[in-house]
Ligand code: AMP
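Just one chain is shown here, as structure tokens, and it is the form predicted on its own.
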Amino acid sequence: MEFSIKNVFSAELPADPNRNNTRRQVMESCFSYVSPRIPGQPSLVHASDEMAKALGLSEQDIASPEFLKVFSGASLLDGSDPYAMCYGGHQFGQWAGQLGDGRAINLGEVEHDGKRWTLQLKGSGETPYSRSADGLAVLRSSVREHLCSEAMYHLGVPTTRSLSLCLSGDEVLRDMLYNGNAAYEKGAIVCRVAPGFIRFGSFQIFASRGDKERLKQLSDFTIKHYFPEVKSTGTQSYLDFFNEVLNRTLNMVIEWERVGFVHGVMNTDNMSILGLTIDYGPYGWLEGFDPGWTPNTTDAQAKRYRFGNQAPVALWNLYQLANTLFILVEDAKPFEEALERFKKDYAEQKFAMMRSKLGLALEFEDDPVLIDRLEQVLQLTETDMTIFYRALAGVEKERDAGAALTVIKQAFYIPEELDGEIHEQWTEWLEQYITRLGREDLSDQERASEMNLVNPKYVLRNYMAQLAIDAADSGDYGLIDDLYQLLKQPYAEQIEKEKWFAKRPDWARHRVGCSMLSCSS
């Protein structure tokens, strides 16, 4: 197993001169050198063959003892000098000061086929940024991150990736629901992979300390290596950089909305500067369509990170980044104009995305009314978002609303509620939709094909991940691979796997791990 190590982050940015692995405030540095904790008895649970191939690894490499040693943290790659990154952030709207990689350690950067990837172990031990925590991770959270990273990639959502999931062979103490009932669980390590793991908070920490020199150094580095489209120089380069970050962030949120994904913890330290979905903690997909739903138990009251608030929160986070980069530009107006543009662009891009989900290739002035009304009727009775949009492709423009209602009926959790006024409102919307389809040039079959490219049939519902976790906890890793293979083709029919195209079962409605999750999940 050989890698072409081409570290640029640690080679070009300032390092913490203190190599002691002690909790501390790290000043004037982008990272601290630290080695992974050596696991007690590591074993490989699962590896992504596609991510491995992207890194130049073969099936034989994955099966090798060296692969297990490196990606469990037991040994280091030749030429590797691991490090943890320093950053700050706003958590639930409040400035939290220095945070940093408290349980993530970067092994380094490798190149293959002209692409550079950063390899990062999550759950591999404490760092100077661990605060009062142990820097470890447990099997349940690691299964969720490993599967979701790859599932999101195949859905077409910008995301970090996952190469491997290993057990450490050690027990880790966790209070899953933060209710005083701590218990020992199996420790695990995920190898996360991305072009880079720089976050909004990576810039904020320097601004908060008045460290303009390091802020400029990190900004110049990020533009140079990750934003080749920024050709300008001087203060204009930072404005162009901000606009590109804004565009990527907006695209990411639109893609989340398209597939019904809720991140759950959109703190500024969990926002990738590259516009990638990062830090899979208490995430989830909408089961019943509910813009007010959050998967995060910590957010259950305020619901700051609910599905319908993700775009406003992204804008709020971009505002914090603008405040940070203002130090380099000293002119607020361009940032204000960019942030105002976000609102306009979001409305336009969401409209285009929703039209694609409804199979509307042409654009008419009454389309916004049709879309707004749909989001209202979807909430009249509990309606599964994924199943609804997938089934909607089967509606034919020559049939009536009654036939259309039969086509989508499988999406309703309580079909008996589809009576009286609720039935009347659904019928009215379907009549409008069928009339609207009559103005399209595409045939029903052509439209269905287009809709099935943007409306996934299979997503990683929380109960599915929990079933895989339960099996893995008993030593059976088969379901992890079954779901991994299923989610490689989320838009394909996969008739032989139809059992996963189903509403959340009743037993999973309130079960721990199947609905809302804590930040330790």
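Numbering starts at 1 and follows the sequence shown. Since the structure is predicted, the reported quantities are computational estimates derived from the model, not experimental observations.
Omitted from view is the form predicted in complex with the named molecule, to which the following refers.
Asks: Heavy atom to heavy atom, is Arg174 within 4.5 Å of the named molecule in the predicted complex?
Replies: Result yes; Arg174 sits at the interface with the named molecule in the predicted complex.
Asks: Wondering, does Gly108 line up within 4.5 Å of the named molecule in the predicted complex on heavy atoms?
Replies: No.
Asks: Is Ala403 close to the named molecule in the predicted complex, meaning a heavy atom pair under 4.5 Å apart or at it?
Replies: No, Ala403 stays farther than 4.5 Å from the named molecule in the predicted complex.
Asks: When the contact criterion is heavy atoms within 4.5 Å, does Arg248 count as touching the named molecule in the predicted complex?
Replies: Contact with the named molecule, no.
Asks: Looking at Lys357, Arg103, Lys350, His90, which has any heavy atom no more than 4.5 Å from the named molecule in the predicted complex?
Replies: After the contact test, the surviving option is Arg103.
Asks: Note which of Gly284, Gly135, Gly187, Pro128 lies within 4.5 Å of the named molecule in the predicted complex, where distance is taken over heavy atoms; exactly one does.
Replies: Answer to the contact question: Gly135.
Asks: Tell me the stretch among 135-143, 253-261, 298-306, 152-160 that has any heavy atom within 4.5 angstroms of the named molecule in the predicted complex.
Replies: Heavy atoms within 4.5 Å of the named molecule in the predicted complex occur in 135-143.
Asks: In the predicted complex, which residues of 254-280 put a heavy atom within 4.5 Å of the named molecule?
Replies: Going through 254-280 in order - heavy atoms within 4.5 Å of the named molecule in the predicted complex - the hits are Asp269, Asn270, Asp279.
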